[in-house]
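What follows is a single chain, given as C-alpha cells, in the form predicted on its own.
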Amino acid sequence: MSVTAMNPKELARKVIQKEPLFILDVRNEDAFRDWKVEGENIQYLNVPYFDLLDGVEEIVDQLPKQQPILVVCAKEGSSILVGEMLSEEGFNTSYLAGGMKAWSEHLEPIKVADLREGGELYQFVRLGKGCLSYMVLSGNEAAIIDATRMTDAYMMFAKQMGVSISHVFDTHLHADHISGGRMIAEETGATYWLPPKDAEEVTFNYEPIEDNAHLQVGASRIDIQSLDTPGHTIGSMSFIVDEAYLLTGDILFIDSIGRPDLAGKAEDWVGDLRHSLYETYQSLSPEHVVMPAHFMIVEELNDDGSVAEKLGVLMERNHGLNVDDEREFRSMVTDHLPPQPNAYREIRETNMGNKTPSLEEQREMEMGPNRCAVR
C-alpha cells in the first residue's frame, strides 16, 4: 500500500461536506495548538515528527484501522516520510500536498447569490486562514472585494467566467493578510478603490471610496453602495451589493465582531465600532444578508461552505450586538482581546506599499489563524 497525495481542494471539499476524517498532524505541539485544519467531523492526533524518526510503532494503537489517515505537516516533506512508514504498517494513508502552507493559500469559490438583473455574487472561502473575499459578476465585467494575495485564483476564475475585472475594492487596510487588490488592478487595468482615511500613508495611487457612493458594474448595472463603518480601522467601509447583500469587512462577523486595536487605537476607536454596529447597521433592513471578510470557527460555515446570515438573525444571536451597557461593551472589546495576528505590523506596512517582502516572507507573515475578531 503506497501513500498518496491529497491536494488542498480535495481537503476543502471534505471539510465543507463534513466528511469524517482522521488527521495525524506531525508539527510541533505549539504549532498544532495554535492552528490546525478545522472541520466538524475531524479527529486529530498530534505527534511531532521528531518523535517518529525511529518508527511509528508506538502510535499504531492510537490510529484507526479501517479509516483513511491524512498526515499533515508544515510543508509536506515530513508528512510524506511518516505516511510512508504508516503505509508499510498497512494503514490507508495520504499526505496533505504542500502542507499547511498550501492549505493556508487555498481559495474555494462558492456561488452565493443570483443578482436581480442577471448578475452573480461569488464568495471565495479561504478555509485555512478564515479569510473571505468576493467577486460580483455582471455582463462581461467583474468587481472584486477584499482580495487575498493569491491573485491567480481570481484571474483564472474571471477568465473561466468570461469576464474582465474592472474594479477592485478593499473594505479597509488589512492587518492579518496581504491584500491582492493592488496587484490585480496593476495586472488588469482595473480601478483600485480604498477608504481614504485608511490610505493616508500608502505609497501608491488609488481611487478614494467615500461614504454613500454608488458604483455600477457590468451590463446589468449591479449597484455597489459604500457605507462608512469605522471601528476596526478608522476608515473601514461596508458595501451593499444589489440592495440586498451587506459586505461588512472586519466590522461584523457571523459569530463575533471586529477588534479595534490592530493600529494601536483600541481606546480611540471603540466608540466608532459601537456606533457602526448599534447605529449604522441597526438602521438597515434586517433582510440584508451579512457577508463578512473573515470567519473564526468552522461552525460559521453554512451547508454549502459559504459564510452568510441575515442581519436580523445576527441582531438576535450575535453577542457583540446585544451588549446594552456601553461600559460593558467597551470592556469587552478592549480588556479581553485575543492574541494579535502574526506579523500584523509588517502586513500593514506591506499593504501600505512600504514593504515588498518575497513570496516566502509573505507566506511566513500570514501563517496562523484569523485573529480579527472579539467573541
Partner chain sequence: MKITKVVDAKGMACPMPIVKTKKEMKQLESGDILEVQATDKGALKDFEAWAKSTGHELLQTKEADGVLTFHIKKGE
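Residue numbers count along the first chain shown, from 1. Only a predicted model underlies this, so the values are computations on that prediction, with no experimental measurement involved.
FYI, the form predicted together with its partner chain isn't displayed, but the following is about it.
Mind telling me which stretch in 329-337, 344-352, 43-51, 314-322 gets its heavy atoms within 4.5 Å of its partner chain in the predicted bound form?
Partner-contacting stretch among the options: 43-51.
Answer yes if any heavy atom of E10 is within 4.5 Å of a heavy atom of its partner chain in the predicted bound form; otherwise answer no.
Answer no; every heavy atom of E10 is more than 4.5 Å from its partner chain in the predicted bound form.
Would T188 show up as a contact with its partner chain in the predicted bound form if we use heavy atoms at 4.5 Å?
Contact with its partner chain, no.
Might S78 be said to contact its partner chain in the predicted bound form, defining contact as any heavy atom within 4.5 Å?
Contact with its partner chain, yes.
Might E364 be said to contact its partner chain in the predicted bound form, defining contact as any heavy atom within 4.5 Å?
E364: yes, in contact with its partner chain in the predicted bound form.
Pick out the residues of 202-227 whose heavy atoms come within 4.5 Å of its partner chain in the predicted bound form.
Contacting residues: none.
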